[in-house]
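Encoded as structure tokens, the following chain is the form predicted alone, with no partner shown.
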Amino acid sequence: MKKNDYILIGILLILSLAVSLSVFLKGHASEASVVVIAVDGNAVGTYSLREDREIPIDNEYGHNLIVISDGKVFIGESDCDGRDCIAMGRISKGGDRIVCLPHRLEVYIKGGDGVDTVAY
């Protein structure tokens, strides 16, 4: 093998790596479209995941503050006991959900592919 053969092999390896990486990122970078907030199973609001905002939910069950920021949604404040809904963290993929049982609140993302893993 000559020097040019090694250069050609190197270029082909770099190109194949770049193509593989772009296919992998494109296949896994699906963006969910909307956040749905429901109380007692009834939707009370639908919001874009792309727009940062804070949504206060006050009803007979209590107070929650839902925060949409940087393409993710989480519960920033809650006056329930234990505050497990806050500990659920940030969600961003289709099918993900946060639930506050004492307040009968459900926050979930509708849209996107909701794929957790892919096997080849």
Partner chain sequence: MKRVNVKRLCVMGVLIAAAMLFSYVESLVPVFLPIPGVRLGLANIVVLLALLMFKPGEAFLIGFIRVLLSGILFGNPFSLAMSCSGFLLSFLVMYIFKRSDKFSIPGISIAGGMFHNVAQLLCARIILSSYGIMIYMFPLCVVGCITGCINGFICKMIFERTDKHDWISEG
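Definition used throughout: the rigid core is the maximal C-alpha set that superposes within 1.5 Å between two forms. As the structure is a prediction and not an experimental result, all values here were calculated from the model. Numbering follows the first chain given and starts at 1.
There is another form of this protein, the form predicted in complex with the partner chain, and it is not shown here; the text below is about that form.
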Residue 109: heavy atom within 4.5 Å of the partner chain in the predicted complex?
no
How about residue 60 - does it come within 4.5 Å of the partner chain in the predicted complex, if we only consider non-hydrogen atoms?
no
May I ask you to check whether residue 84 falls inside a 4.5 Å heavy atom distance of the partner chain in the predicted complex?
yes
Counting only non-hydrogen atoms and a 4.5 angstroms cut-off, does residue 67 reach the partner chain in the predicted complex?
no
Which of the residues spanning 53 to 67 lie within 4.5 Å of the partner chain in the predicted complex, based on heavy atoms?
none
Taking 2 Å as the cut-off, check whether the CA of residue 101 shifts that much or more between the shown form and the other one after a rigid core fit.
no
I want to verify one pair: residue 93 and residue 17. Are their C-alpha atoms nearer or more distant in the predicted complex compared with the form I supplied, knowing the change is 3 Å or more?
closer
